[in-house]
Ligand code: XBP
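Given as structure tokens, the chain that follows is alone and in the form predicted alone.
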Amino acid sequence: MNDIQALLWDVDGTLAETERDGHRVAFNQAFEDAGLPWRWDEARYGELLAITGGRERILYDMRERGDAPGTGGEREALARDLHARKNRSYGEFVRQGRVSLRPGVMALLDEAEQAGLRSAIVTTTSRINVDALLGVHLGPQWRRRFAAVVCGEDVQSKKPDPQAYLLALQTLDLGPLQCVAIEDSPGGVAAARAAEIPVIVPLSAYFAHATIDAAVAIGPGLHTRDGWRPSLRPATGADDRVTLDDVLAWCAECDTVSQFG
């Protein structure tokens, strides 16, 4: 018997390839708009993803820049300004259709809703970014589809700290084994596991080769049944995606896998 009652969705990299297609480009636009010569190429941005939070990434990057402001207060003020600029640019990119939901996401959201399961957003990205992405893809009333929405402004400690997940469990009034988290990154998986929530991992572009441990399933994306651990039976029809039944079966097995080994 399966007790899963809610799907807890991460946003960046999980719902959409926002890091690759949106955030990095928006950061560079913010630097340009502020008259700074700084640019983050794909490799550098991949390194910075180890730091959770956009403002925090800017502050971390400043440590290695000789042309960054000299005092902590000046750096903090500049980071806040750049982060606000970046969020505005990101929202415009989303409205222009430059950031799409990952294949398979919408189908699983719909299937869960039809089956009577609740969905929640559990992210430590900014609320304005979540609103921009989901407002475009789910419509202006997107919040009605989610029983809880936890964003970066709602917690003091960001992932891999479990605070966001603990707050989501409290809001939903559910225990950790009544939920399954959907995450794409080591930090997100660590946050969910620290809250004792089982996790499935559709790997994103930036974390395709990351070390993921103690997930109930790991694979290339919700759009395909190929390449998942534990493996899935081939599709019997034209639809090759991961289904809600697959997710529930993984959770019922109560086993965990790692990305390597």
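Start at 1 and count along the sequence shown; that's the residue number. None of the values given here were measured: they were computed from a predicted structure.
Same protein, other form: the form predicted in complex with the named molecule, not shown, and the subject of what follows.
Heavy atoms of every residue among Lys86, Ser126 and Lys159 are located within 4.5 Å of the named molecule in the predicted complex. Proximity of Gly227 to the named molecule in the predicted complex: non-hydrogen atoms within 4.5 Å are absent; the residue sits far from the partner. Contact between Gly53 and the named molecule in the predicted complex is found at the 4.5 Å heavy atom cutoff. When the named molecule is considered in the predicted complex, Arg57 lines it closely, a heavy atom lying within 4.5 Å. The closest heavy atom approach of Tyr206 to the named molecule in the predicted complex falls outside 4.5 Å. Looking at 94 to 102, 169 to 177, 116 to 124, 134 to 142, the stretch with residues near the named molecule in the predicted complex, meaning non-hydrogen atoms within 4.5 angstroms, turns out to be 116 to 124.
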